[in-house]
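Below, in structure tokens: the form predicted alone, a single chain.
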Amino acid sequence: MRFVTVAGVLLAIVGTGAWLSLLPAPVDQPIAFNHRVHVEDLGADCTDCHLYASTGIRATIPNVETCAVCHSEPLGDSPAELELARYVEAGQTISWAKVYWVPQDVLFSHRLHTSVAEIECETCHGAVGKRDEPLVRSLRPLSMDSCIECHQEREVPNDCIACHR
């Protein structure tokens, strides 16, 4: 019995390591942005800050003008918000590091996936809205296998030309 328990723990460790190896290396973010406060506590929708997530091919990473809509002045006194207010006041670009990528030969439309197919952002991006810390890496690996699996589940075209140039 003890051997089975030890083997199970080792398999869990190896499995977690294998899963983490599929994720890109972590990046540094300029501000300790708290998604949970915005999404769960304040009821913000992903599209409030990530413009074009439901209407365009690409969703934006919020720029300082987007943040300034709500944060022209600090609403609290957290270090992250004070740092954000400094960016807003200076009109300075916030150098967010992008954490989700698709290869250049992939044609991916946010609008088709979010508005037409009505797929929730979390399906591809993970539970971002529950995070107290900024994203430093993707929460879910975006891979061709995961795309194909999703297309098969929804019985939508899986032809190469549907997604690749």
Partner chain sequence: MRRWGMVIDLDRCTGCGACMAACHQENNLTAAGPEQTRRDRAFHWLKMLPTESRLGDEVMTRYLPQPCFQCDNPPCVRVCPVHATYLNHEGIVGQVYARCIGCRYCMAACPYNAKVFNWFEPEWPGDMKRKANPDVSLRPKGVVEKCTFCHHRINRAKEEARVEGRDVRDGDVIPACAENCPTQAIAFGDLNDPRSRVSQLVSGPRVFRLQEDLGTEPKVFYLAEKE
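Residue numbers count along the first chain shown, from 1. Just so it is clear, the model here is predicted, and its values are computed rather than measured.
Omitted here: the form predicted in complex with the partner chain. The next part is about that form.
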63, 29, 47, 109 - the one with a heavy atom within 4.5 Å of the partner chain in the predicted bound form: 109
The partner chain contact at residue 58 in the predicted bound form, heavy atom, 4.5 Å: yes
4.5 Å heavy atom contact, residue 116 and the partner chain in the predicted bound form: yes
Partner proximity in the predicted bound form: residue 105 to the partner chain, non-hydrogen atom cutoff 4.5 Å: yes
Which of 97 to 105, 66 to 74, 36 to 44, 132 to 140 sits within 4.5 Å of the partner chain in the predicted bound form, heavy atom basis: 97 to 105
Residues within stretch 141 to 165 having a non-hydrogen atom within 4.5 Å of the partner chain in the predicted bound form: 159, 160, 161, 162, 164, 165
